[in-house]
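Consider the single chain below, provided in structure tokens and representing the form predicted alone.
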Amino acid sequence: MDNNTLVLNLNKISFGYPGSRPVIDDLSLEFARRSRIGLIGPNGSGKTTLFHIIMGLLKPISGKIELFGKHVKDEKDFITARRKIGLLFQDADDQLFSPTVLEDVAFGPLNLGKSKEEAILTEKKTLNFLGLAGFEDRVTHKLSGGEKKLVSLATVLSMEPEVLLLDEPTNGLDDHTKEKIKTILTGLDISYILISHEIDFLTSVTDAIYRMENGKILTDDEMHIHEHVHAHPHGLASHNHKQ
């Protein structure tokens, strides 16, 4: 793969929590611009851990990480890279910490050096895009689960990232909100890696689905044709379809 197109290059990464066997074992992954990858795997297979390693929140035992063509190792390296990568946490309550939606969504742009006026303009634009116009003064801890998830996504998108890491963005949501998130993601011009247990959802918003197993990522871009006659390049991952 052309290094000029790579936004993420993991080479032989290993990581383990103290007192346990490696969760990630000699893992390698190349992720290019304009890619949209789904990531599946059983609980405890290291999917969320992988995201935290990419963001520099956890340090691998061994291996090399390159982000946007540059080797990143120390915190100062990751600080620069984080300006281009947005991480959506699995639990919205881990992402929202300000009293109001306005303060939460504007926090990122302000932290990136925008003026108060610029941050508020970005916040309003992002909320409008997500169908959350008028939410500015809503109290975050009083929002519904679906509203919290959408506001969490707004806090990430307001920073105008080049890459998104989405950890179970539809977990626990009703079908209406899931469809809304599907529409939002397919309308974005951003590369992303998305963790989910919902294969049908992944099929609709990604170009390929990879499986995490035994500390490694298994890839399979082979076309898989189902008996009910449709095909998509998502390997051999089994999934169900609504009737």
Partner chain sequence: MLETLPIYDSFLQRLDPRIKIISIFIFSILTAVSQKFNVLLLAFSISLAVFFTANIPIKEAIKRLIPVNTLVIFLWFFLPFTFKGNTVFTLFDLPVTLEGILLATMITVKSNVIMLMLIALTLSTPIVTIAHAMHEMKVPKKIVHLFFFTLRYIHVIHNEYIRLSNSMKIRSFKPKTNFHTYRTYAYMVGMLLIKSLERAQRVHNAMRCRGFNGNLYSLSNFSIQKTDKIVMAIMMILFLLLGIIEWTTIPLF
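Numbering follows the first chain given and starts at 1. Source: prediction; values computed, not measured.
One more form of this protein exists, namely the form predicted in complex with its partner chain; it is left out here, but the text below deals with it.
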Tell me, yes or no, whether residue 129 is in contact with its partner chain in the predicted complex, where a contact means a heavy atom of each within 4.5 Å.
no
Exercise: residue 137 in contact with its partner chain in the predicted complex, heavy atom 4.5 Å
no
Heavy atom to heavy atom, is residue 155 within 4.5 Å of its partner chain in the predicted complex?
yes
Is residue 104 a contact residue for its partner chain in the predicted complex, using a 4.5 Å heavy atom cut-off?
yes
Report yes if all three of 125, 190 and 200 come within 4.5 Å of its partner chain in the predicted complex by some heavy atom, otherwise no.
no
With its partner chain left out of view, choose which of 218, 32, 57, 61 has a non-hydrogen atom within 4.5 angstroms of it in the predicted complex.
57
Taking its partner chain in the predicted complex, which residues of 97-127 have any heavy atom within 4.5 Å of it?
97, 98, 99, 102, 103, 104, 106, 107, 108, 110, 111, 116, 120
